[in-house]
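The chain below stands alone and is given as structure tokens, in the form predicted alone.
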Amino acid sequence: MSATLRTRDEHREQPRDDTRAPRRSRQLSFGHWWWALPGIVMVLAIHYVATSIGGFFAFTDWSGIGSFAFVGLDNFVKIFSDPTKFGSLLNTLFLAFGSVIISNVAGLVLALGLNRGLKSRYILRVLFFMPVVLSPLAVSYIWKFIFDYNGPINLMLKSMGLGEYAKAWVADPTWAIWTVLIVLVWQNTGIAMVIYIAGLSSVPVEVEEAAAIDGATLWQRFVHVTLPGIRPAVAISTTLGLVNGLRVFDQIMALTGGGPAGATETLATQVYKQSFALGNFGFGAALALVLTVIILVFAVIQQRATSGKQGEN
């Protein structure tokens, strides 16, 4: 009996062989890589490989079919020497920065107002966010009817005795670009509002109450307490708005089609027209490459500036 107990104790004291557990974990991690591999391949193929091929054709003269001729920087020289293409670049920057500034200011104001204890704040949030989920084409066609010469805006002006100010807004070279900006701001303000509401939830209420007790005004509390606390939200909202504004396409094609007389042409609409309407695929690829570089430059500048401010805090 004693020998049997001694044998059992020896078996118990022997260390266990744990080689299977690390092997199993390695197999699981390797399996995770296999699951992610299709997504990684699609991202590389769609984003990077396709962009690289398009960047190559930006230096060629190609109609999209058949052979091509390498022309070097001629396409880029044409872009910056052609007044219409340079005007498209200015329109792109105007719509991008105009929509970012106005929609972020409006979204922040709405977020501050709806962050209070209103009973109807949830319903109001849904109503203000609803334009974001609507189709840009459908929204643009509705706004096109509103801006029409016989539309609601001109009818309201005529009913108020201001008929001399009525005009075909989308057909006026001066006002057409502003109609596009109004539609962009109306549809993008909701997403900025939601981002700022999420940012305001991270601002400590105790700090605001302490500042109010110390005699700080509402504006001082906003500048010194609320705004520093929502800087990450400001970075996200402005970056997303800037990227969306630089590549705006649907609203312009539905509202004005780039007209009148090219007054609302942007780089995105020029890429479409040059590549698919006129068959200048190489020149369209050059425009697309310029637009991509502009988006990358402004996105990097925005992120660097915001991260610098966060580091100082």
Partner chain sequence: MAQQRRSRVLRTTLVAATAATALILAGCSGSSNESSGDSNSFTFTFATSNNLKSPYQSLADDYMAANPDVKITSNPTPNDKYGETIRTQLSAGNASDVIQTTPGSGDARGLVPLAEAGFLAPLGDTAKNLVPKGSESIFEYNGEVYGQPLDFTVASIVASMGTAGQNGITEFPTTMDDLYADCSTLTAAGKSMFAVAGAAGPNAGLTAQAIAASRVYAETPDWNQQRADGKVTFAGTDGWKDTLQTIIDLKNGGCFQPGVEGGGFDAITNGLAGGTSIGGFIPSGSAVEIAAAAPAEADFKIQPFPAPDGGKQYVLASSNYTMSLNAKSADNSAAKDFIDWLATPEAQQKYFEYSGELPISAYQDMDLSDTVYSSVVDLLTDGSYTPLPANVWPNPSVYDALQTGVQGLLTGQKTVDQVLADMDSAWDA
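Positions refer to the first chain, counted from 1. Quick caveat: nothing in here was measured; it's all calculated off a predicted structure.
This protein has a second form, the form predicted in complex with its partner chain, left out of what is shown; the following refers to that one.
The single contact residue among L114, A168, L227, V203, judged by any heavy atom lying within 4.5 Å of its partner chain in the predicted bound form, is A168. In plain terms, the part of the chain that comes close to its partner chain in the predicted bound form, with a heavy atom within 4.5 Å, is 260-268 out of 52-60, 240-248, 282-290, 260-268. Each of L37, A45 and F276 is positioned with at least one heavy atom within 4.5 Å of its partner chain in the predicted bound form.
In the predicted bound form, its partner chain lies farther than 4.5 Å from every heavy atom of A69. In the predicted bound form, its partner chain sits within 4.5 Å of a heavy atom belonging to P173. Within this chain, Y149 lines the site of its partner chain in the predicted bound form, having a heavy atom no more than 4.5 Å away.
Interface residues of 123-139, taken as those with a heavy atom within 4.5 Å of its partner chain in the predicted bound form (partner not displayed), are absent.
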